[in-house]
Ligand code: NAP
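As a starting point, one isolated chain is supplied in structure tokens, in the form predicted alone.
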Amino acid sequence: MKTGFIGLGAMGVGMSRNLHQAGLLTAVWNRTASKSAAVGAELGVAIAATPAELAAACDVVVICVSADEDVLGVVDALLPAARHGLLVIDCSTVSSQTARTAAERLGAHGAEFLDCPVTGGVEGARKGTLAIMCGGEAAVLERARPVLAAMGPTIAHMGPTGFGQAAKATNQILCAGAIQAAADAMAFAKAEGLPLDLVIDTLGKGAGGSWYFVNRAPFMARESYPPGFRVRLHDKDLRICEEMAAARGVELPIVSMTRQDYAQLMANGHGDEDISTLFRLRDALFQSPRE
């Protein structure tokens, strides 16, 4: 299956490399041309001039971009090459409605669509160990499975179009709670004078451990937050969660609290740091405790 990849950010580069290793990658495209030129040269694949040129040369197009408007912009740019037999797989994190809109636009030209957001962080993208949540027709998913398997071993069919994104929204709520707990715990441990590396190693193996604690508490211990899951992107995802919950007349306290914290971090210039930078706010509480 000739596969093209669109969106060579922190996640997309690793995902495209794994598709290349599986012998599937044919072409790449990125809005910032220098990124597609670098990846194309590294992997020895075609560098498409436009999304439509990429789609014309491929059986499958994988998209991994940042926001709803980016996904729909890419889909519209693909339409001149959309046809029966073309499969578009969107691994971005967007709303369920955006997934349904993308499917409708492509379907009008005979192309098929799956919403397949992923989780596992940049580590999972690099190692090919992502978990993939899929929305769309079961038969289409079976056709896509070799492509998805190159990016991760866990491939779950959640239901019709949009259900993959609903599952990803659920995941992002869990991430909010996990990073809040990790930041609170690490700030408390630091204030108590505990050896932080030993705390991480020990508690990470216990009942309170989580992926975020094991993989992001070390960032907190070193007070260094290299871009992994950026604050501004998780904030965007949590806005989607808020909107989906609000449509059912519900507020989600952990989401609201995390977005308030993120607003403060972004205002202070930390929007492009990993979300573990939340530790800054919790550590500051212990430095200047309330009277």
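Computed from a predicted model, the values in this text were never measured in an experiment. The first residue of the sequence shown is number 1, and the count goes up from there. Basically, rigid core = biggest C-alpha set you can superpose within 1.5 Å across the two forms.
This next part talks about the form predicted in complex with this ligand, which is not shown.
- Taking the partner from elsewhere, no residue among G4, E112 and P146 has a non-hydrogen atom within 4.5 angstroms of this ligand in the model of the complex.
- Stretch 22-30 is the contacting one of 244-252, 262-270, 54-62, 22-30, since its residues have non-hydrogen atoms within 4.5 Å of this ligand in the model of the complex.
- Of the heavy atoms in V122, some are within 4.5 Å of this ligand in the model of the complex.
- Among residues of the shown chain, M11 is one whose heavy atoms approach this ligand to within 4.5 Å in the model of the complex.
- Though the partner is left out of this view, A46 does not reach within 4.5 Å of this ligand in the model of the complex, counting heavy atoms only.
- Using a 4.5 Å cutoff between non-hydrogen atoms, L233 counts as a contact of this ligand in the model of the complex.
- Taking L141, A150, V118, A187 one by one, only a single residue has any non-hydrogen atom within 4.5 Å of this ligand in the model of the complex, and it is V118.
- Exactly one listed residue, out of I200, A183, V74, A169, brings a non-hydrogen atom to within 4.5 Å of this ligand in the model of the complex: V74.
- Contacts to this ligand in the model of the complex (heavy atom within 4.5 Å) from stretch 66-87: S66, D70, V74.
- Once both forms are fitted on their core, a CA shift of 2 Å or more is seen for R216 between this form and the one not shown.
- Fitting the two forms on the rigid core leaves the C-alpha of I275 displaced by at least 2 angstroms between this form and the one not shown.
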